[in-house]
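As C-alpha cells, one chain now follows by itself in the form predicted alone.
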Amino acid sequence: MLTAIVGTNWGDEGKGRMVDLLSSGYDIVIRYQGGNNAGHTVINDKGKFILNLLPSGILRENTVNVMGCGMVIDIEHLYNETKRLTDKGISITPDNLKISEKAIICMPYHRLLDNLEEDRLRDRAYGSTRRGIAPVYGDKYMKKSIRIMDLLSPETLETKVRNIVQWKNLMIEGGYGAEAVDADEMIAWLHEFGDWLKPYISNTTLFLADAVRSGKKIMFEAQLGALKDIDFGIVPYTSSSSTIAAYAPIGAGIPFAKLDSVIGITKAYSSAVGEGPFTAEMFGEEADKLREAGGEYGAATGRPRRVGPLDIVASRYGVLVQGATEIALTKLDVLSYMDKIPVCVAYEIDGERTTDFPLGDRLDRAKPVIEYLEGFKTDISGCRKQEDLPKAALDYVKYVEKAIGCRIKYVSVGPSRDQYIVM
C-alpha cells in the first residue's frame, strides 16, 4: 500500500497531524519535497512538536522515516530540529531515519540570496519565508548544487564549494552589492553540521525499492498544498517544488512506484501564509476571531496566517490536481463559535460567476460569492463517532463532501491523536 498525504489548498491544512495519526499503520514515512519553509504541528501523548524537515512519522517508534531526493535540506536546521526531539526523548538513529544521498543541501548563501531578493522587491515581495528555498531549487536545476552525498567525499566537496561560491559572488557582490561569501566559511559550516549526519546517509532508492517489492506500507508526506505547487499553483506566490501527489514517487526516489491512494487534507475553513491572491480572505474583527479560534500562526515563521471561509472553488481544484481519492477534513471544531458558517461557493470575475479556479490575472480580479450554512454552536471536541456530531455539523461535512466531489473519510475535531472521527 502506497499512500500520499497532500494538501488541497494553500498549505497549513493539518497534514502533519494526519500523518502522525495514520502512520501507525505504515512501515515507512517519506518526505518527498520542500525544505524547512513550512512546519507540521503534531500533538500527541509525548507532547507538542513542530517539524520542519523531519517526516512526521519520526514520532512513531516502529516507523522508518526517509528524507527523499526531492528535498532541499538545511543541515544546520536539521541538526537543531533533531536535537530538540532527542532532548524530549524521541529516538532518532540510522535505523529509523534515512537521508537520500541525492537530496540537495540548502546553504547559508541560499538564505542570504533569499533575503537580498525579498529586500530588493520591497512592497512587491513574494512573501518568502527567507529560508533559501527558491535559490537552492534554482541551483538544483542549474546543476550548481551541493548534494548530501558530497559530504562523504571531502576533497570533491571542497572543490565544488569553491567553484560555486566564486560563481555565487558574481551575484551577491556584483549584483546586490552585498559582502562576498567566504568559501572557507562555507566548507567549515558543511563539516560542522554535515559530519554528524553521515551515518544517516544512504541510497534510499535501493532501500525503498526493496520495501516496495516486499509489500511494505509506505506513506508519502507532502509539504504545503496544491495552490503552492510550482506548476499548478498561484505562481509566483508558490513554493519552488512540486507539492502534487503525482510527484511523490519521484521526490521519494522511486519513480517506478505507483500510488494506491491519495488522502487530500482540507481545512474546514481557509488559511494562507505569504503574499498572493486569496479570494475568500476575511479582514478586521471577523478575521481576528477566526485566526484566534484556530490558532492560525505559521509553524515555521510564527507569522499570523491570512484566514477566510472554506473556498469550494479552490478546494475542488486542489482535489482535482492532487488526484485525491479521499479527504480528511480538519479543524471542524474551530467553527463551533459561529452562528452562521460562511462558505465561498463561487467567484465573480468581470461580472461573470464561475466555479472553475482561475490562474493569472483573472484570479487577481476574482471576488468571492459567499453563502451561509447553519452553525452548530457547541463543543464537538469530544465526538468520536459520526452520530455524536450535532446535525448542523454533520450537514456541513456532507455539504463540503458533495461540493468538492470527493468522499470525506476523516473529520478532525481537535489537535490530539484521538480527536477524530472515521466517517
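Quick note: we count residues from 1 along the sequence shown, nothing fancier. None of these values were measured; they are calculated from a predicted model.
Below, we refer to the form predicted in complex with a small molecule, which is not included among the displayed structures.
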Quiz item: Three residues, Thr41, Val334 and Gly414; all within 4.5 Å of the small molecule in the predicted bound form via heavy atoms?
Solution: yes
Self-check item: 4.5 Å heavy atom contact, Arg305 and the small molecule in the predicted bound form
Solution: yes
Practice problem: Determine whether any heavy atom of Gln322 comes within 4.5 Å of a heavy atom of the small molecule in the predicted bound form, and answer yes or no. | Solution: no
Quiz item: Heavy atoms within 4.5 Å of the small molecule in the predicted bound form: does Ser270 have any?
Solution: no
Quiz item: Does the small molecule come within 4.5 Å of any heavy atom of Thr330 in the predicted bound form?
Solution: yes
Quiz item: Which of 32-40, 363-371, 63-71, 387-395 has heavy atoms within 4.5 Å of the small molecule in the predicted bound form?
Solution: 32-40
